[in-house]
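Okay, here we've got a single chain as structure tokens, the form predicted on its own, with questions on binding and movement later.
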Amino acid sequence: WCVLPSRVLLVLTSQKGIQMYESDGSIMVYWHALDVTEHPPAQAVFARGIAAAGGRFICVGTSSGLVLVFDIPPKGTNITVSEVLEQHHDAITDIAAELGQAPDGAGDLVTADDAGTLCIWSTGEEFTLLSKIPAFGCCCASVKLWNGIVAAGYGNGQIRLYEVATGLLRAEVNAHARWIYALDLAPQTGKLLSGAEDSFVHVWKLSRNPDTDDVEIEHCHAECVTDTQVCGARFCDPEGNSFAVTGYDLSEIYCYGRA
């Protein structure tokens, strides 16, 4: 669900295209077909990575590395592609908008791709690329943005924290033994949730040192979902007091809360 000030839309992506529905799923208000002719014959075609941004836009990534920016009216079906962002050369993996308060001049949207490249954008009538964090040989599968901090989860099990304003690496944690598939962030507390193929789910706490302004990360909790390659993990509340996880070949969602 993409929450904008004027409306909430349910956005779905697939190999065929992008579908947007009213929040209860009752009415499809927009359909965008993916252009198969843009891709080499052997390459899969899909859309992946969805985020509401800038008050009236929804951004969706594609397998060709393009990010489509849709302009969403307060009501009705007159949805248009207002811009196409072309900085990525590999398939988009995730897109995240600022969940907290962006510092002055800092970007409020981050996009990630299969190569591990991150792009930080300032949203508005025209989206502006502020910085590009180069890949280091590993896919970035999930990304979050909070109070000017980019949290990125990688295929080598690392979580990296970057400063939005400068693109500089501020912290690096060897969080998991295998591929990180899911990150989530609790906007009211700065708690970060990570889930990976190693069957572990971790809860972390992000903060800034008030004296030095350094970005800090603290480990709060670990949970093992036995014999499960975790592929989805989300907080269930804005404070991060409960979370839900699922894994490959699972028909269940496991929920955890503070006792």
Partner chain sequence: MVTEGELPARRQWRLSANLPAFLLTVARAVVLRCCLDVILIISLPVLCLFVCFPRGRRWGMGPAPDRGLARAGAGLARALACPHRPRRRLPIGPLVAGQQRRRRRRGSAVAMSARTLPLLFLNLGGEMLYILDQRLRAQSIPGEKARKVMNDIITTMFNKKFMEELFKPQELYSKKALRTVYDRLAHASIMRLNQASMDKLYDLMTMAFKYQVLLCPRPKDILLVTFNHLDAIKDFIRDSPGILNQVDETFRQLIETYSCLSAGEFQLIRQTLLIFFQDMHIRVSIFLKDKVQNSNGRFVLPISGPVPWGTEVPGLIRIFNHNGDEVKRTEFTTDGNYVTPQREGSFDLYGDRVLKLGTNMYSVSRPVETHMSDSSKNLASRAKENIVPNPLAKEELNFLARLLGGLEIKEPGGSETGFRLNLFTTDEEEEYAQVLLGWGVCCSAMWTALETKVGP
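Positions refer to the first chain, counted from 1. These numbers were taken from a predicted model, which means no experiment stands behind them.
What follows is about the form predicted together with its partner chain, which we do not show.
Between 70 to 78, 145 to 153, 171 to 179, 124 to 132, the stretch whose residues reach within 4.5 angstroms of its partner chain in the predicted complex through a non-hydrogen atom is 171 to 179. Remark: none of the three candidate residues (Trp1, Phe57 and Glu239) comes within 4.5 Å of its partner chain in the predicted complex, counting heavy atoms only. The shortest heavy atom separation between Ser23 and its partner chain in the predicted complex exceeds 4.5 Å. Contact check for Gln19: a heavy atom falls within 4.5 Å of its partner chain in the predicted complex. In the predicted complex, at least one heavy atom of Asp214 sits within 4.5 Å of a heavy atom of its partner chain. Its partner chain is not drawn, but in the predicted complex it has no heavy atom within 4.5 Å of Thr62. Within 4.5 angstroms of its partner chain in the predicted complex, the stretch 116 to 148 places a non-hydrogen atom from Cys139 alone.
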